[in-house]
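Below sits a lone chain in structure tokens, taken as the form predicted on its own.
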């Protein structure tokens, strides 16, 4: 990738091209089960401001918004954010930016679904999350457990930085970034590639 810490321009271009039909993709339809499970697991409050990292067309942002004061939906894809804007979801504001360039606010929580494995420098990303969370702020990240690289297929694998994550390794990175009590649970199993099963985790942690 041209930038080792962030999304590649080629991958942003892929999402721009795919944005118009993203919500109709089979994988997205399976992922639509994630928000209700996230809402059961995470203690959202009405006075909170959350960041949805890699928000795409708003899978998490739209679900979280009714539970909180505001959601900032961050993505590098202009077209994905355009799709989200057209949904006119109350209390959701879109922000097109590279998170490594800095953020304009601090947040009560950071949520993300299937974006972490597209960022090369996981340790730096977790430090940025920590920096922009308020004391007591929550982290709620959904992504792939370690897989063999088949999830995205040959076409996209060139722009994927991690083939999922080992919980112990990701837990250690979160603790090094300053988070406490990082813990994992399986949140969903996706079916792709002629019936292969790919489990997803929810990692929660807290900034002291």
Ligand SMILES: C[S@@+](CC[C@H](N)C(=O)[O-])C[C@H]1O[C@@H](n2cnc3c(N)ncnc32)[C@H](O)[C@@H]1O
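Remember, predicted model here, so these are calculated numbers, not experimental data. Positions refer to the first chain, counted from 1.
One more form of this protein, predicted together with the named molecule, exists but is not displayed; see below.
Three-residue candidate spot 76, 113 and 119; every residue lies within 4.5 angstroms of the named molecule in the predicted complex by at least one non-hydrogen atom. Between the named molecule and the residues 99, 126, 133, 84, the one pair within 4.5 Å by heavy atoms in the predicted complex involves 99. When you look in the predicted complex, the only residue of 59, 38, 174, 51 with a non-hydrogen atom within 4.5 Å of the named molecule is 59. Note that among 64-72, 177-185, 40-48, 27-35, the stretch whose heavy atoms approach the named molecule to within 4.5 Å in the predicted complex is 27-35. With a 4.5 Å cutoff on heavy atoms, residue 92 does not count as touching the named molecule in the predicted complex; it lies far away.
Residue 138 falls outside the set of residues with a heavy atom inside 4.5 Å of the named molecule in the predicted complex.
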